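A single chain, nothing else alongside it, follows as structure tokens in the form predicted alone.
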């Protein structure tokens, strides 16, 4: 059995506030010296999408999914009181005023702390998301990879 302390997070939700919380927990755990694995599945994959449009060949349904989902960390709404996007703008302003790291900054910090970021290959297939549409520097795997990490982990969260 591995004696290294570790944390795993399943990031299922793509709401801005939950994404920020996920990365705060992940970077906090990594800063404590823990090995951290984040497994992004279904709507959580939107956090990892590139902000700009990437031209890739897709089926009609895959194109429809792509147009309905937010593209990247800068376009996520919040889970409560989003009010057509005003809520996320207010949250970002308050965070800026209080000098709190933005989601893209937290994501960069996670990379600097060697947090393992994994995109769920099956969810990508279901939602019609391609590797070219996701940010650089992440891994792609199935649920077995996440489960292996979770089995060794002292902390396992579903967000």
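Numbering follows the first chain given and starts at 1. Quick caveat, the model's predicted, so the values are computed rather than measured.
There is another form of the same protein, the form predicted together with a further copy of the same chain; it is not shown, and what comes next is about it.
The candidate spot formed by 51, 113 and 138 is out of contact with a further copy of the same chain in the predicted complex: none of the three has a heavy atom within 4.5 Å.
At least one heavy atom of residue 69 is located within 4.5 Å of a further copy of the same chain in the predicted complex. Shown alone here, residue 93 lies within 4.5 Å of a further copy of the same chain in the predicted complex, counting heavy atoms only. a further copy of the same chain is not shown here, and in the predicted complex it never comes within 4.5 Å of any heavy atom of residue 56. Looking at residue 79, you'd find a heavy atom of it within 4.5 angstroms of a further copy of the same chain in the predicted complex. Contact annotation for 27 to 62: residues with any non-hydrogen atom within 4.5 angstroms of a further copy of the same chain in the predicted complex are 28, 29, 32, 34, 42, 43, 61, 62, listed in sequence order.
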